[in-house]
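A lone chain, given as structure tokens: the form predicted on its own.
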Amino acid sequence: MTLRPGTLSQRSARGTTGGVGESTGRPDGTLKVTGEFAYSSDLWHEDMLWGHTLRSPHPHAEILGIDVAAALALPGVHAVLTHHDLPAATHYGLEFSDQPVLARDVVRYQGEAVAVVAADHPETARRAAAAIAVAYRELPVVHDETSATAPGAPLLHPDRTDHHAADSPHPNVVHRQPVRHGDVAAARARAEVVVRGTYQVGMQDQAFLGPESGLAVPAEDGGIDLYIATQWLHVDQKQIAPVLGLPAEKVRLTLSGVGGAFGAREDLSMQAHACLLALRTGRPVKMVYNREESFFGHVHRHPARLSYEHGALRDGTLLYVTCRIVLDGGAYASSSPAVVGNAASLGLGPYDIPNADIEALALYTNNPPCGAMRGFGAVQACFAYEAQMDKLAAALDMDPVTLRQHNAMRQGTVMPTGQPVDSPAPVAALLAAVAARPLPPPRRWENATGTADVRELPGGLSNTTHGEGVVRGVGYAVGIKNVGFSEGFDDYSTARVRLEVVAGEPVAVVHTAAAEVGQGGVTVQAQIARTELGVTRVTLLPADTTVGSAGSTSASRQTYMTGGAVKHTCEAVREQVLDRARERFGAAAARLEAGKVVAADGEVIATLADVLGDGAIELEREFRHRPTRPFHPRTGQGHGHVQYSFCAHRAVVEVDTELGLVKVIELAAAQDVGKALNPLSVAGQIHGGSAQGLGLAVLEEIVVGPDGRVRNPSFTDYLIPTILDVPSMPLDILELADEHAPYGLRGVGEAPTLSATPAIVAAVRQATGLDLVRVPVRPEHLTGTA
């Protein structure tokens, strides 16, 4: 196999320096900005074939027959596989194995995989897939709650046996989680002001840069080696091995270059298909989705409909909330049950409300499958409860920031699930920080002569306005997100650390299976090793399945979990070094510093080379966070989360009310990160999450018709923010340590995505006076032409 320079060895952290708390540069940064970084789509083998997938054109249809003869007859075609050719397990899935590897007798969404082809050229593979004749009989489409739960509705998984089935109110409900807290009826009787609202969130795509791709190479032992862009190597292995009929140890995965993920790579896409084709042909098989296929090849953010009622006293004290959150899970479960758990348990927002009645559920429909995406169930709820806060503030004639601060949760607040918040929760302080920032100057698109610079106006260089109908608004929002896997999941990460002397210099070698998806794990792991072992040189080995699982790079957990695992293992290695030093040089050895063993008073006792000689120390350890427990299926009570993350935003927008165009002028954020292990990376995460929230607010939506068909599977029609759409983003970063976390850190990546969206929409509401209840906000919503 040949790779462009730097593919796997680029994960080496050699050449970078700096420990915990420093803004160390990324080891892969230069390669990425110069275009030299090799992504999984760049993998190459001189003997490889190309795989291609045939997908259903129908959202719901019975398969009457499949004829592959014409495809097999094409010169250059080496294999055509349908469900008839599966050697073992026929389904897979993250939480339930409900998704067919290849559709058998029915397809449940547009784009579902029906057959796969291997050929000696990608165009031959594409033409062969097109030559497969599939006879369908279209079936009624389930596309929303009404059609999913109506009497006589088609049951999309009539034979489901998953552990949530017994508690689901309807077979087309994937999972339902209520949360009961206090006495809502009594609180409602006391309420002096009540506000109600119903909100909608559209289907957002993760829009990562590198489409799904990988290379499967058959091995001499009958197994398979898969080089793949993914978020969790071991959960892929766990799902693929039964499909191939192989033991897990014969399905070896190595991470290749990942062009972003944001949750979309948690589910399998082409992994099993490439492996099946490789084992059938005995040749390496590469698969790369094009952009349109990528829209059908991964899960998206759940669209949602949310109904809220808040009751309060005249002084703004919140008494109760009721809410119902309906999430569209699409054709297969994916991670919908966990998304439901987050939406239900975080549905109140970061507020201290003594009484609550919450219900969250996810539906099976014939829409595209939905699953993990940055914010994971908390994004949808945040848009609704923050709109409610503004509505309540208006009803009370109260400043919206003051209302939020008046009810802000703090350390010691009891969540509606009954779990006390046992680490800092500086919600009021975060709001104060963004509110205290000076506002950007008004009408900055206008020069001293009153002439508009059209580049600064909503619509930008399209020059569609000269500012005649432009108004400004300011909006605020704050959100709460859990960190790590919740609800009793055995969440752990593994690290293997070797300390040795190479050419007279101590070197730490760190090996984990943590997926680097652009978040900066390779940087932070090296920083931790330098800090804990007092060395300069750290090499990270490629992430693969020859070391224990690191869990998923998601849920804002990887720095906490794999960073914790590296720290934990380095500490064990350090203790062995110090023990050796004490045995050899006396009992004064206290720490490692700059490649030396140092006493408590700073005296240098020996060098690491003196202590280690030719004898390396290598250890492997697992790290677990505090245990959590499942939520009760009927009350929602339970210590379900390990840690919370908070972020507040203030958005300043300008809206052209005549054209329905929005320009976000500034998006200030304040976030508590516990401890910034790499301040530059922390800022990057907050900026990135904020930009993704901006996209949901005014740009991004996969449009799915009531017939279940996707209208815009391309970056021509699915709009994401570019650098011209991203405003100034000043930050206030608090570091209030969580005593239960490594270094006191708090997961960072997801929280800013929550509050950016409602802050922007609140600013648009203030500018226009419109009661906007849906995101993304479209021009027709602002011009009254919807």
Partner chain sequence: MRVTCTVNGRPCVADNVWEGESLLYVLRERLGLPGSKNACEQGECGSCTIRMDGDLVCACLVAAGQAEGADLRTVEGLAGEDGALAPVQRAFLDAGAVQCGFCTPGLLMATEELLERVPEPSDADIREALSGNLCRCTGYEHIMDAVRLAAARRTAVEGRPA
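Given the structure is predicted, the values throughout are model-derived calculations rather than measurements. Numbering follows the first chain given and starts at 1.
Omitted from view is the form predicted in complex with the partner chain, to which the following refers.
Novice: Using a 4.5 Å heavy atom cut-off, which residue among V517, V597, L430, L540 comes into contact with the partner chain in the predicted complex?
Specialist: Checking each option against the partner chain in the predicted complex, the one that comes within 4.5 Å is V517.
Novice: Select from the listed residues D328, E654, D236, D205 the one whose heavy atoms reach within 4.5 Å of the partner chain in the predicted complex.
Specialist: Looking at the other structure, the residue within range turns out to be D205.
Novice: May I ask whether M373, S714 and P727 all come within 4.5 angstroms of the partner chain in the predicted complex, judged by heavy atoms?
Specialist: Heavy-atom distance to the partner chain in the predicted complex: all three under 4.5 Å.
Novice: Out of the stretches listed (754-762, 738-746, 66-74, 46-54), which one is close to the partner chain in the predicted complex, meaning heavy atoms within 4.5 Å?
Specialist: Partner-contacting stretch among the options: 46-54.
Novice: Determine whether any heavy atom of T562 comes within 4.5 Å of a heavy atom of the partner chain in the predicted complex, and answer yes or no.
Specialist: Flag for T562 set to no.
Novice: Indicate whether E112 is a 4.5 Å heavy atom neighbour of the partner chain in the predicted complex.
Specialist: Flag for E112 set to no.
Novice: Would G210 count as touching the partner chain in the predicted complex under a 4.5 Å heavy atom rule?
Specialist: Contact check for G210: yes, within 4.5 Å of the partner chain in the predicted complex.
Novice: Does the partner chain get within 4.5 angstroms of any non-hydrogen atom of L680 in the predicted complex?
Specialist: Residue-level check for L680: yes, a contact with the partner chain.
Novice: Taking the partner chain as it sits in the predicted complex, which residues of 112-135 have a non-hydrogen atom within 4.5 Å of it? Please list them.
Specialist: Read in sequence order, the residues that approach the partner chain (within 4.5 Å, in the predicted complex) are H121, P122, E123, R127.
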